[in-house]
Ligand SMILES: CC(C)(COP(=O)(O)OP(=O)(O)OC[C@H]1O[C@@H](n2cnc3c(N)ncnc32)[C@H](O)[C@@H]1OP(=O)(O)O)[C@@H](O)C(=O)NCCC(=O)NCCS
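There is one chain below, alone, in structure tokens, taken in the form predicted alone.
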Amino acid sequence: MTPKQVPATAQGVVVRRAEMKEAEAVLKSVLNLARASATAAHWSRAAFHPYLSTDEAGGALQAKAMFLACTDPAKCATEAGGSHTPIATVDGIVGFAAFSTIMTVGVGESTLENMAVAIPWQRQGIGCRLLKAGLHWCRAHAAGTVFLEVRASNRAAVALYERAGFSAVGNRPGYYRDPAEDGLQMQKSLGRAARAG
């Protein structure tokens, strides 16, 4: 087998939060990944920028975060919730998940805004790891409930979300374009007894 024929493996993939200091590399990689995905929202570069972490101001009522799945542990040495190591560049981004939250103690709401995993890396638990990191972040930011929309035909994503404890709560006719399709609304409670992920 040539290197191009070797299937991708999730061994060595690190999931961690994106940092503002690596904006140029992250935004380029994530934008390309989203555009290549048939199911991710095709945002502009400017739409991704607010999801890069900064020092959060005390008292803020809204927050955004992006989690990355990277293939190079030497460059992506920090897992979500781990220690922070300065990173000059980010190569090998194979997945991302973008979350937002409105913080109101005990009743705050979060949303999984956008998520994609590169095709060769799918069905290896990377989406689950990205989701779990994001759910932990949501809970830490006082979210009681997490919402998302997914293409109704994306059975693999719906199954992933159901395994993570999301349930269908509604339908948005014609929510998606290119191709036109209904959006399935899902939610998950992060109540005090609930586990994140």
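A residue's number is simply how far along the shown sequence it sits, counting from 1. In this text, all values refer to a predicted model and were calculated from it rather than measured experimentally.
Omitted from view is the form predicted in complex with the ligand, to which the following refers.
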property	result
Proximity to the ligand in the predicted bound form, single hit among 27, 152, 142, 40 (heavy atom within 4.5 Å)	40
Candidate site 125, 128 and 156: all three near the ligand in the predicted bound form by heavy atom within 4.5 Å	yes
The ligand contact in the predicted bound form: residue 115, any heavy atom under 4.5 Å	yes
Residue 137: touches the ligand in the predicted bound form, heavy atom cutoff 4.5 angstroms	no
Exercise: residue 160 in contact with the ligand in the predicted bound form, heavy atom 4.5 Å	yes
